[in-house]
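Have a look below at one chain only, the form predicted on its own, in structure tokens format.
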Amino acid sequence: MSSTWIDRNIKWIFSLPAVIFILVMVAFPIAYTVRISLYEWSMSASTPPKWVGLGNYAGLLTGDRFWASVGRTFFHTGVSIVIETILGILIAVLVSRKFKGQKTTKTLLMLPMVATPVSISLVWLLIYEPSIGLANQILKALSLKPLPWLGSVDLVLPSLILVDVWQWTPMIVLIVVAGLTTLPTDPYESASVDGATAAQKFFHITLPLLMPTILTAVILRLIDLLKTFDTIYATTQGGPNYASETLNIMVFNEAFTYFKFGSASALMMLFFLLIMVVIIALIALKKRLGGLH
């Protein structure tokens, strides 16, 4: 009898560990965050959490600071992903060709990815240092005026984008190189017979065939970029004057600088929804492009 019951429910028994894992590690933290987001809870006050319903959400959506952070997050993410994708494809095509030192070049390209974000941030803090930093030393050598890379409201985000491009373009390279190795050779042979140039082969054969791979790389990189926290916090902490405060930094500041856990939780939920919308749109685009090939 017991054996019969196990045989009848074997699929549920094997699924149970995964269900428990999802409930404990995913569903519970999200549900708890939603609950906190409905309270006004400040650790700096002695009063207990107070139910405010959607008040925290309304306060964020009607405030300028939230929308400014959304704009900075999308600017940092959008510009970084465009530059990293273009550079990544070009570098991948170049390093895929046979040349002396190819393996060494590929290994060196991967080095920024294996370093920790905090160590990368410290290195770039030295590079951007106004007096003795390498960036301004190069400008001085070119007879140009030194720049306050991380101290200027206008320059801080482009400076942080440069750090991200330097560190994570190799990830796009790695994925695109893997995609290039799977491309069929027949279209290239036919194009060569027809007298197509290298540029025509790249734009009319390589890029269309690589598009699903490129979109996969973009989705993976996009998820990482939207979550960027450590590099920005270690270099600027959201400054100067909130000029590099992205949504992640704003969540941290709300929770651990101003101790507004209700507001920080509401901000996290809004950010979560925003990321979900972007990822779903990209996956739908990838499926559509996949269906075209």
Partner chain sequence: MRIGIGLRMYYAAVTIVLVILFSIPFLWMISASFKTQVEILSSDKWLAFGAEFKNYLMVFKEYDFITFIRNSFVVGTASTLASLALGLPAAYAVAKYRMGLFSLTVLVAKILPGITYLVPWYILFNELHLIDTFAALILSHIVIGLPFIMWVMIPFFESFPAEVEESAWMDGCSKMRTFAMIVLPVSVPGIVTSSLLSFIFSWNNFMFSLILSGEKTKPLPLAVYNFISGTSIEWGALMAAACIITLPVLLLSLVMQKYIVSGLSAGAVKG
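Basically, rigid core = biggest C-alpha set you can superpose within 1.5 Å across the two forms. No experiment lies behind these values; they were computed from the predicted model shown. Positions refer to the first chain, counted from 1.
Just so it is clear, the following notes concern the form predicted together with its partner chain, a form of the same protein that is not shown.
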Using heavy atoms only and a 4.5 Å cut-off, determine which of 191, 86, 126, 79 is in contact with its partner chain in the model of the complex.
126
Taking its partner chain as it sits in the model of the complex, is residue 285 in contact with it (heavy atom to heavy atom, 4.5 Å or less)?
no
Is residue 200 part of the interface with its partner chain in the model of the complex - any heavy atom within 4.5 Å?
no
Give a yes/no on whether residue 143 approaches its partner chain to within 4.5 Å in the model of the complex, heavy atoms considered.
no
Is residue 161 part of the interface with its partner chain in the model of the complex - any heavy atom within 4.5 Å?
no
Can you name the residues of 8 to 41 that have a non-hydrogen atom within 4.5 angstroms of its partner chain in the model of the complex?
10, 11, 12, 13, 14, 15, 17, 18, 19, 21, 22, 25, 26, 29, 30, 32, 33, 36, 41
When you overlay the rigid core, is the Cα of residue 24 off by 2 Å or more between this form and the one not shown?
yes
Cα of residue 13 displaced 2 Å or more between this form and the one not shown, core superposed?
yes
